[in-house]
Each structure stands twice: as structure tokens, then as C-alpha cells.
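Just the one chain here, the form predicted alone, laid out as C-alpha cells.
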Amino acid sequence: MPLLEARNLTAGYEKLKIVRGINLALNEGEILSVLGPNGAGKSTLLNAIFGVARIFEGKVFLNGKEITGKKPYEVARLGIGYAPQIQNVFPNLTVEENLELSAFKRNGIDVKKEMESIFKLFPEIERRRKNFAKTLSGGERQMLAMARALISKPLVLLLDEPTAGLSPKATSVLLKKVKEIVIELNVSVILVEQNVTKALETSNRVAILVGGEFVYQGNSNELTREEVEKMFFGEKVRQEL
């Protein structure tokens, strides 16, 4: 049984349907990259899973339990962490305060213990723990956003373009952290990423979203960047597609 599953999901905002007929399964210990051109609906898909976007049709399951239509705070308490692309930290709070605030999403969390555990994974922000989030670099902010989503000990982590605007070096460091998170915290990840090459290197499987619909799902090592980019523009790459 998949850890997280979307069945025939159609979602969007108000009356606008942006993603349609989505079938998606995330297995335990897996990194699944969702790739696609701008405007394909990648962020909307994550928002639908997390209870932000409107679900018109279909269902979402976590550990076999339906979570369709639940509020974001309910989804978080059930075990899904989300680091959106923007507005993902509180700039006028310190690093510690950001983490403390996020820990209250789940009951029974030893905040101090979990914070120290998070800092072992992210020593880059541990050194800045007393600093306001607005003083962090772009890469440090994204690490803090990931840390905020992880401190409540989720089963699944949703990451929306965490490397957007980062340098190649910062991108490599951040995506290496994603792999470490899966191994050390036993968290499964859905990664929306703009860097196709890095996404293929980081993930186990890939799903390609074009025009609100999946046009391909398969193992990451079965595709090249050139094949992925051709699909972005509607070109058929292989017979099975």
C-alpha cells in the first residue's frame, strides 16, 4: 500500500480546474520528483494534497486513511509536512522561534529534543539559531523552511521548488539534504523541482505534469534531461508514452 496516494484527483481554485485526473502514489522511503513547465499545475497539486487548493473530484489517502478535504492544520497533524516556495518562514522571528511555532502542529512533540535533532541535520542554521529569519541567505532560508516542515515529525514531506533562485552550489547542498532526510528521518518526499538534471539525480521516480495532466511516470534513471524537456513541449519520447 502506498504511503500517500491521490486517485483521479481534479483540483484548482474557486471554479478553475488546474490539475485533472491525477493518479499518484508515493511509497515509503521514496523521493518522487514532479517536473513540468511553468503553469503546469505542480504547486496546485501539492496544495491540493495539503488541503489548500479546492478538490473537485477524486480522493487523497495517507497510510490508507482518506484525508480528502481536510484543513491544512489537520493534514499537518496527520503527518504531512509542507515547505511552499514562498512565504515559507516568518522573517521577523528567530530561527528557534520559527521551529518552536511549527512544532505545535503535532501533539506529543518534545520541542527541545526535536529542535536539537533538526540542528544536527542543518548545522548551517544551527549557527544562526538566535538570528532573525530575514537575515538568512537564500539557501539558509530554504533549509529553515524544510526544518519547519520536519520538526513535527511528518511521514511525508512536500517540497515546492526549494532550490528556486539558489546558486548551483547551494542547490547541490540543499538536494543532498533531501536525501539525508529520507534516510535519517524515514520521511518520504514529493519534490517539485525546476532543475531537471538535479531532480533526476535526487529522486527515485519522476512524474511529468504538462497542462494539468501527467504525461509520464517512471523511474528517474530511465530518462535524460533532454527527454524530459521534450515532453514539456508535448513531444513523444518513447513508444510507451
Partner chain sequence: MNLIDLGVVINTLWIGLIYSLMAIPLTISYKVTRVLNFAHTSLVTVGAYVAVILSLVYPDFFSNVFVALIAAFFAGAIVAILNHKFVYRKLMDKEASPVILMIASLGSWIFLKYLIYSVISIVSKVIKKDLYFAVPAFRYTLNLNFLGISNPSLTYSLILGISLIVLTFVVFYRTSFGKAMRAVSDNPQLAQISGISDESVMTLTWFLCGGLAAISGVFWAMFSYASPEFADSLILQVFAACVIGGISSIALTILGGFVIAGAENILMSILYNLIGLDLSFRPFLSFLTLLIVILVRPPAGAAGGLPYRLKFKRERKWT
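Residue numbers count along the first chain shown, from 1. Keep in mind it's a predicted model, so treat the numbers as computed, not measured.
There is another form of this protein, the form predicted in complex with its partner chain, and it is not shown here; the text below is about that form.
Peer 1: In the predicted bound form, is there a heavy atom of its partner chain that lies within 4.5 Å of any heavy atom of Lys153, even though the partner is absent here?
Peer 2: Although its partner chain is absent here, Lys153 would stay clear of it in the predicted bound form, with no heavy atoms inside 4.5 Å.
Peer 1: My question is simply whether Asn88 lines the interface with its partner chain in the predicted bound form - judged by any non-hydrogen atom within 4.5 Å.
Peer 2: Although its partner chain is absent here, Asn88 would touch it in the predicted bound form, with heavy atoms inside 4.5 Å.
Peer 1: Find out whether any non-hydrogen atom of Glu226 is located within 4.5 angstroms of its partner chain in the predicted bound form, and reply yes or no.
Peer 2: No, no contact at 4.5 Å.
Peer 1: Answer with yes or no whether Phe50 is in contact with its partner chain in the predicted bound form, where contact means some heavy atom within 4.5 Å.
Peer 2: Because a heavy atom of Phe50 falls inside 4.5 Å of its partner chain in the predicted bound form, the answer is yes.
Peer 1: Any chance all of Glu14, Pro72 and Glu97 sit within 4.5 Å of its partner chain in the predicted bound form, going by non-hydrogen atoms?
Peer 2: Yes, the whole trio is in contact, each within 4.5 Å by some heavy atom.
Peer 1: Just one of 135-143, 120-128, 163-171, 78-86 has heavy atoms within 4.5 Å of its partner chain in the predicted bound form; which?
Peer 2: Residues of 78-86 come within 4.5 Å of the partner.
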